[in-house]
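First, one chain by itself in structure tokens, the form predicted on its own.
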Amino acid sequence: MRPSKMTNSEFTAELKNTADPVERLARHYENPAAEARSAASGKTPVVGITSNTVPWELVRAAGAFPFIINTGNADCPDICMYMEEGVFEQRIRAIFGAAISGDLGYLSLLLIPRTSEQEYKLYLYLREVARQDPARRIPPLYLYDMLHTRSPESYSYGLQRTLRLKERLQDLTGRTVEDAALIRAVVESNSARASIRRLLRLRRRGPRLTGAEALALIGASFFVDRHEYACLADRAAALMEDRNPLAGKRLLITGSSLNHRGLHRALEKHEAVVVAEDDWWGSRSAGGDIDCGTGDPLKAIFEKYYFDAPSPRVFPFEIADAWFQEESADGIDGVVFYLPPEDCVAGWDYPRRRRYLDKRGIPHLLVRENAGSVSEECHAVIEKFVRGIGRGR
């Protein structure tokens, strides 16, 4: 976290004096709200987003600053007045605490997609708190109700919800979202996706960067201007291409999304290299580009987030599992399932995916504790698992 005594302007000034692109991106990752707060100070409307299935390009084209919220206030004492213990992910609890405590008061809009039950309940709980206690400085809320079940009805409904979101953003900023603005935002975000894919190519056979490094370099794209991100990420990749390949067992992490580097660092402490994550914070954050050359750019943007954004709501299972099955068969030495105690979503996939790995003889490990602070007991289990993996397959 950024030191509390350092103002946003001081943080920005210090960061711009940092020449190393790797360090700059890592600093952005560790200070995810710094750019958003600076934008708010400059009177730019700031839209906080809780996960990856909201069209970044649409928010950008409306003239607002979009960013993923990755800080919070999990220690807010009022959380227990409204939210049950052990039901919500730590990150969701932290966002809830930040919202009800006024820490998100700089947001012009808190945009919550219906990507999971956890996020839908976050929206409903915040609405209820606002109803019960109107004096709380909860930012304006909006539910982007896009479903990810693959059916003509869900597609049609999602496209309509995207049109309604466009109207809400136009009301927020007072700017009409023209096709030209959407295309400019798409070009900007596609450049960031290309830079992420360049970093991802350095992770597989003969990896040039650790998983902990990669998660920060990729994750920074959620918090900053994407043109700036692409420039920094390309420079970082150019520096890392000259590194010698890293030794170690190549691991893939799947299960609950990891928005911090605790598990990566724990695994890489024991002669492993995390080369992929089956979630939207890491390897799957970029996906393919948005193609606006064939028609309506708003429809093209919607289809990107409907068809090509990881979500726990994707159904049928064959589609949900396709990426995992392809990646786990491509030069991976082992798979780590991360299911923290509060998980109530990813665990449903665990038996099916474990059977898939067992049939193919791919070693796997289940981690059932919060990876924000890995215990010594878990370290011992990880060490035994990594040592037991045969090199290569």
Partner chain sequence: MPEKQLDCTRAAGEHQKSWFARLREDVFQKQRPYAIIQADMPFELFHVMDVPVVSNQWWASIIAAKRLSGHYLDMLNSMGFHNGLCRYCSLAAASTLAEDPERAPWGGLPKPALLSARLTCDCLQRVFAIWAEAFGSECVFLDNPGATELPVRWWELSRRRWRELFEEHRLEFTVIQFRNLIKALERITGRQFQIDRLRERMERVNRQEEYFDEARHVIYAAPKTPVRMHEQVTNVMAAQWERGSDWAVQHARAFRDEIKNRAIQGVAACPGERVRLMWVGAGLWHDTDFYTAFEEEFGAVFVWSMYLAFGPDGYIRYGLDDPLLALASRTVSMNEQLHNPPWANEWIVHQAKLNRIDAALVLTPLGTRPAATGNRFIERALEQAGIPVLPVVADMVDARDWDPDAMRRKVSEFLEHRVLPPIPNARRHVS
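Computed from a predicted model, the values in this text were never measured in an experiment. Residue numbers count along the first chain shown, from 1.
From this point on, the text means the form predicted in complex with the partner chain, which you will not see here.
Peer 1: Can you work out which of Gly287, Gly248, Pro312, Gly262 has a heavy atom no more than 4.5 Å from the partner chain in the model of the complex?
Peer 2: Checking each option against the partner chain in the model of the complex, the one that comes within 4.5 Å is Pro312.
Peer 1: Of Ser154, Ser101, Thr173, Gln90, which residue is found within 4.5 angstroms of the partner chain in the model of the complex when only non-hydrogen atoms are counted?
Peer 2: Filtering the options by heavy-atom distance leaves Ser154.
Peer 1: So which stretch, 111-119, 206-214, 175-183, 232-240, is the one near the partner chain in the model of the complex (non-hydrogen atoms, 4.5 Å)?
Peer 2: Flagged stretch: 111-119.
Peer 1: Tyr106 versus the partner chain, in the model of the complex: is there a non-hydrogen atom within 4.5 Å?
Peer 2: Tyr106: no contact with the partner chain in the model of the complex.
Peer 1: Does the partner chain get within 4.5 angstroms of any non-hydrogen atom of Pro341 in the model of the complex?
Peer 2: Within the cut-off, so yes.
Peer 1: Check whether Glu228 has any heavy atom within 4.5 Å of a heavy atom of the partner chain in the model of the complex, and answer yes or no.
Peer 2: No.
Peer 1: For Arg354, is any heavy atom within 4.5 Å of the partner chain in the model of the complex, or not?
Peer 2: Answer yes; at least one heavy atom of Arg354 falls within 4.5 Å of the partner chain in the model of the complex.
Peer 1: Within 127-145, which residues have a heavy atom closer than or equal to 4.5 Å from the partner chain in the model of the complex?
Peer 2: Contacting residues: Arg127, Glu128, Val129, Arg131, Gln132, Leu143, Asp145.
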